[in-house]
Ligand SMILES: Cc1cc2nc3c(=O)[nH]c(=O)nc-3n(C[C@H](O)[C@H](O)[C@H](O)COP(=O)(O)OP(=O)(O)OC[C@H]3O[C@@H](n4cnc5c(N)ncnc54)[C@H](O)[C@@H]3O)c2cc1C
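Starting off, we have a lone chain in the form predicted alone, written out as structure tokens.
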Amino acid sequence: MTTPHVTIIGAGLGGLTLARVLHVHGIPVAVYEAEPAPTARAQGGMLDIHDYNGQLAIEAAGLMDEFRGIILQGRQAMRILSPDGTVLLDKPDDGDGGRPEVQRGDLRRILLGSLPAGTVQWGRKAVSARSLGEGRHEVTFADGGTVTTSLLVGADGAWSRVRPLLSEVTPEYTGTSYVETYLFDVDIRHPTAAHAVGSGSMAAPAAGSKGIQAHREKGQTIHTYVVLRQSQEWFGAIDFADGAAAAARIAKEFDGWAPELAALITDGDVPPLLRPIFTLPLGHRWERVPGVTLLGDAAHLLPPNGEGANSAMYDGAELGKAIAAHPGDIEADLTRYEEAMFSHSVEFGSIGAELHDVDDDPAAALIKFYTEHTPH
């Protein structure tokens, strides 16, 4: 029986991990990505890569040495503050390596660099996919081109164009959005905010699913995520094209908070960016359809809990290993992969669920999570 040629839609971390594991095992693969180039946009912020999923995927990809080279030492430190600025938890980076922090862009770069030239085809935005029967599928791109494949993998995120082949479920708004801001050269230009954040991550939660989170990224950059539970219509009334006015409106929701925390919103060096949070139902699954499957957010999009990138990479590695183990029996491989993925997506997706909508003492709940939680 012939070795399959795998078609992956989406060059995020999950799709690239799958491509790399397949390449290691000599299985031909093509990746189609909507972005016009690998440097077309910033690739998000910090990721803590866990030893029970993300690091296992990197090991399967044979990239642990490269991974160790991009770890930002000391960034596992964690601070929790009250809205008035009181430090409630100051947990240093213990150096155990269980959750080392890296920049998402650096991780994507080493995955891309591990693939042969031409593996990723840039500027190929998938707009639809249809079944041709007998396990074959055709993907149509925005440029009018098509590709036909006997093994299609949707690694194309929340609004996957591959998912409708398997499921009618679509993401729903969670009721919460993030507003992102950046402060640059913080130790010189924003020393008070820098001191509040510390050397790693900081969270200042409040009742009503509201709070301010921040990460110290490479160099002297702080990346802030302002968390607000409001309708999409509420956010739609804010003119985010006017950065100063938008920042002032968001900061108004934090009147009375410590100045060093409010400064993470008002003193941003770039206009604030709105990130509505969408989700698929926890436990989302589908009946087996020959010749096609999903991974990462395309399969199990959930609210941020630190597991999204890790879980997507783990999916990619597990699918790649399954295909490599029995390349002549793809349907059996996909069945095994999906059953395991359905299970671990619930396990990983449930981590931190106890923190949702905690109104009595959200800081205490968060402290308990970071000091006692064991994700196994």
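Just so we're clear, the structure is a prediction, and the values are computed from it rather than from any experiment. Counting begins at 1, following the sequence as shown.
Same protein, other form: the form predicted in complex with this ligand, not shown, and the subject of what follows.
Chemist: In the predicted bound form, which of the stretches 339 to 347, 58 to 66, 325 to 333, 309 to 317 has residues with heavy atoms within 4.5 Å of this ligand?
Modeler: In short, 309 to 317.
Chemist: In the predicted bound form, does each of I9, L13 and G157 have a heavy atom within 4.5 Å of this ligand?
Modeler: Result yes, every residue of the spot touches this ligand.
Chemist: Would you please decide whether V29 lies within 4.5 angstroms of this ligand in the predicted bound form, comparing each non-hydrogen atom pair?
Modeler: The answer is no: V29 has no heavy atom within 4.5 Å of this ligand.
Chemist: According to a 4.5 angstroms non-hydrogen atom cut-off, is E35 in contact with this ligand in the predicted bound form?
Modeler: Yes, E35 is a contact residue.
Chemist: Flag G208 as yes or no: does it have a non-hydrogen atom within 4.5 angstroms of any non-hydrogen atom of this ligand in the predicted bound form?
Modeler: Because no heavy atom of G208 falls inside 4.5 Å of this ligand in the predicted bound form, the answer is no.
Chemist: Is there a heavy atom of A204 lying 4.5 Å or less from a heavy atom of this ligand in the predicted bound form?
Modeler: Residue-level check for A204: no, no contact with this ligand.
Chemist: Among the candidate residues G105, P290, P304, P164, which is the single one with a non-hydrogen atom no more than 4.5 Å from this ligand in the predicted bound form?
Modeler: Among G105, P290, P304, P164, a heavy atom within 4.5 Å of this ligand in the predicted bound form occurs only for P304.
Chemist: Pick from A126, A262, A77, I110: which has a non-hydrogen atom within 4.5 Å of this ligand in the predicted bound form?
Modeler: Selected residue: A126.
Chemist: Give, in sequence order, every residue of 219 to 236 that has a heavy atom within 4.5 Å of this ligand in the predicted bound form, or say none if there are no such residues.
Modeler: The one in contact is Y225.
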